[in-house]
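Consider the single chain below, provided in structure tokens and representing the form predicted on its own.
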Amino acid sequence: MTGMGKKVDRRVLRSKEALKQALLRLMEQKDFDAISITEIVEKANYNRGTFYTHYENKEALLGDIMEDLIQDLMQSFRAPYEHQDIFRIDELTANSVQIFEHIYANAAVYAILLKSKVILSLKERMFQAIKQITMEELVYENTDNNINPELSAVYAIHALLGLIFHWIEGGFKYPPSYMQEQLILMINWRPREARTNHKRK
């Protein structure tokens, strides 16, 4: 019985993965709204019955693709501190930052979603996921600086995601290792002044 159960599980995983890949290939050619379930199952070499066994509609299939990304994203975000009781940000090393490795490993998927209308939904899901674990898992000591923790988290997350999507939109101009190094430099950079460069009349 156990062996049969494992075989069924593998079969389910295989068919779901085929449907995901089929949808992504179609999204390279046309917008998500223009894709039909018939096109998805034909591309995946399955039938509509198989599709509806796993998903209620194509939105649920897309949601499953995004959820895979989000779960892996969260794991990569946690990587620098998941085995530490005290996370010392000033001792953070570039090698411990894994989020750019995650993005690069899934570069093709992110690039496809970036070109579609669904990118706004993905960005919001990424933001909410990182915000949730930031607020729940990272507790900062009170430094009496009156900074609102939630606003501080929102500021930092938007900066991080802005950097990530600039990298994606630029066609991954730099390797993940370079992006990791730059992020560490930015985190530790504390400029107190800047020379103005405006033209005086």
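Because the structure is predicted, anything quoted here is derived from the model rather than measured. Note that residue numbering follows the sequence shown and begins at 1.
As for the form predicted together with the DNA, it is not shown, yet the points below apply to it.
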Please check if residue 48 has a heavy atom lying within 4.5 Å of any heavy atom of the DNA in the model of the complex. yes
So, residue 37 and the DNA: in the model of the complex, are they within 4.5 Å at any heavy atom pair? yes
Indicate whether the DNA has at least one heavy atom within 4.5 Å of a heavy atom of residue 174 in the model of the complex. no
Even though the partner isn't displayed, in the model of the complex is residue 53 close enough to the DNA, meaning a heavy atom within 4.5 Å? yes
Among 149-157, 162-170, 40-48, 66-74, which stretch has residues with heavy atoms no more than 4.5 Å from the DNA in the model of the complex? 40-48
Looking at the DNA in the model of the complex, which residues in 14-29 have at least one heavy atom within 4.5 Å of it? 14, 15
Residue 15 and residue 104: their C-alpha distance differs by 3 angstroms or more in the model of the complex. Do they come closer or move farther apart compared with the shown form? farther
